[in-house]
Ligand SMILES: Nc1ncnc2c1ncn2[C@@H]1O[C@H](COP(=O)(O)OP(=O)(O)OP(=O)(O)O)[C@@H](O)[C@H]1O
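Okay, so here's just one chain, in structure tokens, the form predicted alone.
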Amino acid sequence: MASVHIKDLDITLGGNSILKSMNLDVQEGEFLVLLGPSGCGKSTLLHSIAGFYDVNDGQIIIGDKDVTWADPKDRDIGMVFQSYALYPTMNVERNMSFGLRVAGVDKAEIEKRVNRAADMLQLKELLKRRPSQLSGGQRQRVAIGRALVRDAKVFLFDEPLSNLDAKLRAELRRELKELHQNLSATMIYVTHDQVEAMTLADRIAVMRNGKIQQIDTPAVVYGKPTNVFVAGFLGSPSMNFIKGVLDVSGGRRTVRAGEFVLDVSAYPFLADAPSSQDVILGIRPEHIQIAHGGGVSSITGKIKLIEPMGAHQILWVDCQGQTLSIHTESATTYQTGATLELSVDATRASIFQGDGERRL
């Protein structure tokens, strides 16, 4: 395994600047997920590390080796693509060993590596089958195995699960996480799926318009997002956002949006926030509770819609003109039109400046 360091990287494709002054440090053995919407530059960054794109400026360092201008084959990386790209006339064993055979690796060593990867990926019984005889999940395992047999220093994954159905994605997510734990290898994984990011990553780098908005552990990125974009990209349903004014009166801080008023005196501001400024209040659906005794952080609302989700349900509630989503257990039955008293944990809320670009 090896660390990866990106220094002041500029990438221009077709006359368009995709990445500009990109800096990123990936530690040895880390599972880093690049998360963001289509077109944010995450795949471009991954392909640049792999050596598929020429850089306009900057450096790419893998381990202690500057590979900025090295060919992909000389970067000691293993790559898994979105499409399986298996050779249809070769069986699983020959698909996995193809790169090693071309490189002239000893037959005994090839057999050893293929068998080890097959054991890890539960492919031992499938080695003699051709791709047409495999399911989608099995084909993707073969593609992962083909990368693993290279004993690379860094493994790169470009949305490898996006072509699979939901059940297979969940199964392979778990297997990938177990694989990383067993190998302790450095892995960089691209996805637009927040569930994949949250479950797989040691750290998540959330990207927008070719720039990293926030990079931290899943818990920090989810619990303390640095701006509205990051806050809204993670979570389903998305974080509730309320545009209002932060006001201070008699030592009490509140956010006001028309008739909606919420006490945020307990909120842990990053710095002493000035009074009477436009803000955006963010509240996760699971941080709104059904209250029974009132309190300074309580508000009332009327249920507009109920979405049953199996073990839980989502209530959409009108609170003084603001529609909020609330995550609650399915054990309690609610009726559309019913009035609820809600309690908000201000310490777990997020408050951003009015343009949404900075957490307060």
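Quick caveat: nothing in here was measured; it's all calculated off a predicted structure. Quick note: we count residues from 1 along the sequence shown, nothing fancier.
The same protein also exists as the form predicted together with the named molecule; that form is not shown, yet it is the one meant from here on.
S.K.: Consider the chain as shown here, without its partner, and state which of His192, Arg113, Lys153, Arg284 has a heavy atom within 4.5 Å of the named molecule in the predicted complex.
M.R.: Checking each option against the named molecule in the predicted complex, the one that comes within 4.5 Å is His192.
S.K.: Tell me, out of Ile18, Leu9, Leu340, Ala346, which residue has a non-hydrogen atom within 4.5 angstroms of the named molecule in the predicted complex.
M.R.: Looking at the other structure, the residue within range turns out to be Ile18.
S.K.: Check Glu93 for me: does it contact the named molecule in the predicted complex (non-hydrogen atoms, 4.5 angstroms)?
M.R.: Because no heavy atom of Glu93 falls inside 4.5 Å of the named molecule in the predicted complex, the answer is no.
S.K.: Would you please decide whether Gln322 lies within 4.5 angstroms of the named molecule in the predicted complex, comparing each non-hydrogen atom pair?
M.R.: Contact check for Gln322: no, nothing within 4.5 Å of the named molecule in the predicted complex.
S.K.: Even though the partner isn't displayed, in the predicted complex is Ser38 close enough to the named molecule, meaning a heavy atom within 4.5 Å?
M.R.: Flag for Ser38 set to yes.
S.K.: Does the named molecule come within 4.5 Å of any heavy atom of Glu159 in the predicted complex?
M.R.: Flag for Glu159 set to yes.
S.K.: Only one of 30-38, 313-321, 61-69, 331-339 has heavy atoms within 4.5 Å of the named molecule in the predicted complex; I'd like to know which.
M.R.: The contacting stretch is 30-38.
S.K.: Given a 4.5 Å distance limit between heavy atoms, list every residue of 40-61 close to the named molecule in the predicted complex, or none if there are none.
M.R.: Sequence-ordered list: Cys40, Gly41, Lys42, Ser43, Thr44, Tyr53.
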